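This document starts with one chain, in the form predicted on its own, laid out as structure tokens.
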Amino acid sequence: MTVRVRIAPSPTGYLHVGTARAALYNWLFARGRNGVFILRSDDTDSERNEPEYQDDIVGSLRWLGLDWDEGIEVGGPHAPYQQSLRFDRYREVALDLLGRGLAYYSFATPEQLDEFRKEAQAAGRTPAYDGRFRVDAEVAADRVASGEQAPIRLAVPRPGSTTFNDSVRDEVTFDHDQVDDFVILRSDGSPTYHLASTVDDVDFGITHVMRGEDLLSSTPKHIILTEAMGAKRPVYAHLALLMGPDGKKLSKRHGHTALNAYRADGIMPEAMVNYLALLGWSPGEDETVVSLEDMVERFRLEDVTKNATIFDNDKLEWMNGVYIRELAVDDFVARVAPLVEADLRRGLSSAESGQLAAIAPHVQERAKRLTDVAGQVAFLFGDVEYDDASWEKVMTKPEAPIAVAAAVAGLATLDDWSTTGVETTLRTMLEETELSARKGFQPLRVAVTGSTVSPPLFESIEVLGRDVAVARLEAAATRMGH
């Protein structure tokens, strides 16, 4: 049997990190077994669908490094892979089930259904509609033929139960008293999620369905519908939902939930993939940094936990920092240069690109996000902008003008303009002025970079160049009134 799995997001919003994790697990499972990974678009909600959301789903998955063998934008033997283009097929299945007595037209009124729910709740029963207002099939057919509209419901076998072995949650049983005769085709002829998703899984030959546990209660419906179609049920694996640090379901109150927001905030795709993989799965041996290639070899559904997992932004940021430090310098520069240019709102000249490359290793070792870099290196490109808090904290102290004047005197005539030369000169300045490193160097840092937070001082001064560095020190002295 060839493993065939799918991810089926709806283009009604940007790709959620939980959906991205489900996509990753499906992809790892398929790739580790020479299987087929399918990207399907569950786009039956025409009122909420937006092309930009579809583009975001595709772009975000590709950003993560996930490819697909069949599906939207790549095609395949079961095209089209958009539910909005398969309505005729869903109606065909619904009418077939109707004709075989496995489904029926439902004329239950909203008032009847509401009264049924109230009675069930009062009696302590699950308010799962049991078809009690169902009319004779011939009578129903005549009413529809006369122009009356009605949805089609699947007739759930009663009494009975559905049991399945969930690869994550072990054996699960649903008594059919908990499963309502659910609508598969609305009165306007449009399919419900249950029908469209199940028909697609059957038609596309899906062997394993990995999805969030919020859909666990839908599984008996999908199994009953699958077997009513005469098909073999897939293997199910329901993933625990992601939680915020407060133990509640991950939502916008915890921060970002859309994958693209993390991308915009400077999270690297390699780090995000690694972090998502560990949200419910362990490669063993207490490892935290695992390559995508290693994940493919080691991923097993049996190792996925059924317990809820915390999405911790601090841990993600830490992991991102690990990946940033592992980049080759050239790769790091290539990734941050567009961000620097976006911050400057212009391109970098050849000389400026050289400056960025020179300072990059010293920024790389401290960065936690790629977006940290632009602010840290901005002092290299254009006039220095003083941070008011930094100026007030450092440059108003009595030692500041002493340090700046001595640095100007030493650097202006320095022949060995290198990190070593700059450091030697400035440490000599400390000895001559009898200033501590903090009191002597912090004013220089603010003078040349505009802030107390910057790349290492000696390297920053070297990369700036003699003329600019000395000019900034002199400008700072003037501003201090010296």
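Not measured: the values here are computed from a predicted model. Residues carry their position along the shown sequence, with the first being 1.
The form predicted together with a small molecule exists for this protein as well; it is not shown, and the discussion that follows is about that form.
Only one of 254, 86, 263, 211 comes within 4.5 Å of the small molecule in the model of the complex through a heavy atom, and that residue is 211. Between the small molecule and the residues 274, 320, 197, 364, the one pair within 4.5 Å by heavy atoms in the model of the complex involves 197. Using a 4.5 Å cutoff between non-hydrogen atoms, residue 42 counts as a contact of the small molecule in the model of the complex. Though the partner is left out of this view, residue 5 does not reach within 4.5 Å of the small molecule in the model of the complex, counting heavy atoms only.
Using a 4.5 angstroms threshold between heavy atoms, residue 116 stays clear of the small molecule in the model of the complex. By the criterion of a heavy atom within 4.5 Å, residue 79 is excluded from the residues contacting the small molecule in the model of the complex. Using a 4.5 Å cut-off to the small molecule in the model of the complex, not one of 360, 381 and 460 places a heavy atom inside that distance.
Here the chain stands alone, but in the model of the complex its contact with the small molecule, taken as any heavy atom within 4.5 Å, falls in 211 to 219 among 349 to 357, 211 to 219, 169 to 177, 139 to 147.
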